[in-house]
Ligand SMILES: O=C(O)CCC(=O)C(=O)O
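Okay, so here's just one chain, in structure tokens, the form predicted on its own.
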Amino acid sequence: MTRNSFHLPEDVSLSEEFLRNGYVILRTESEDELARMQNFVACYAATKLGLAEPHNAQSFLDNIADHISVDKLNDFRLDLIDVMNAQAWMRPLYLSLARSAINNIVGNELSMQRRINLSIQIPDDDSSLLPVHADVWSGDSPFEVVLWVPLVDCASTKSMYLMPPREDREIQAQLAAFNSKSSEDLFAAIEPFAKFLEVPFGHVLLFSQTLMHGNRVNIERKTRWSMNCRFKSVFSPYADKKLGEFFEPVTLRANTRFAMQYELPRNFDE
């Protein structure tokens, strides 16, 4: 570290990777907690389906298509989301999976999305697709990042795709040309550049949702399970999704909390 640097070398390296790619893929900072989360989801899913507690949570989740049909999948997923978010330990655990990386890239006074989301994409299912988009197009702030956590090994069409920053900027600059076209037309334009990310279980993905991303029909043999939640610096600008509505402050520092209690003396400015 040079004398005129405010950052530690390891922080600089991670920041430069994020600035270069718009994302980082990292080993989770809390393997035991991730295993706890995976096991909770697998056990509740098995109970919901009237099955015995699985001996191998990851194998059970990979092969969930053996136990549920496409027409029942979304209600099943929404029920799982409600149960997950009812657990008081779930959101603090989720942050623990990548706390240091988020503090480095986003800041250490954080707002966190109030609800964690869950995606389930069984093989050959075209009803669970997320067309190409950037979250900023629908009311999210460009200052947000998404922490994307797979509960199984995710790669190729069992994962999500993300646009590289340079090509993303070039195509988003021409987005008006797609106003009368479909999301499939837009995907055809980005397809040569879109990168399907390999994120094995035990790793996490942290990405900027200003970049276009989405998923395609899962043509792999096993099911994708992934969770996602947004984080931002509590004092950075918000868009349509506001603090206290969509976001909640979770790591306010002592001086911030102390300062929030201060009031100027009465008639101070007279």
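Quantities reported herein were computed from a predicted structural model and do not represent experimental measurements. In this text, residue numbers run from 1 along the sequence as written.
This next part talks about the form predicted in complex with this ligand, which is not shown.
Exercise for review: Answer with yes or no whether Val146 is in contact with this ligand in the model of the complex, where contact means some heavy atom within 4.5 Å.
Suggested key: Output for Val146 is yes: heavy atoms within 4.5 Å of this ligand.
Could you confirm whether Ala177 comes within 4.5 Å of this ligand in the model of the complex, counting heavy atoms only?
-> The answer is no: Ala177 has no heavy atom within 4.5 Å of this ligand.
_Asn104 within 4.5 Å of this ligand in the model of the complex, heavy atoms_ = Judged by the heavy-atom cut-off of 4.5 Å, Asn104 is well away from this ligand in the model of the complex.
is_contact(Arg166, this ligand) in the model of the complex, heavy atom dist at most 4.5 Å
No, no contact at 4.5 Å.
When you measure heavy atoms, are Leu130, Asp135 and Met160 every one within 4.5 angstroms of this ligand in the model of the complex? Yes, because Leu130, Asp135 and Met160 each have a heavy atom that approaches this ligand to within 4.5 Å in the model of the complex.
Item to complete: Scan Ser233, Gln58, Asn215, Ser30 and let me know which has any heavy atom within 4.5 Å of this ligand in the model of the complex.
Response: Contact residue from the list: Asn215.
*asked:* Between Tyr238, Phe40, Phe207, Phe201, only one gets a heavy atom within 4.5 angstroms of this ligand in the model of the complex; which residue is that?
replied: The residue from Tyr238, Phe40, Phe207, Phe201 that makes the contact is Phe207.
Looking at 32 to 40, 241 to 249, 221 to 229, 58 to 66, which stretch has residues with any non-hydrogen atom within 4.5 Å of this ligand in the model of the complex? Among the candidates, contact is made by 221 to 229.
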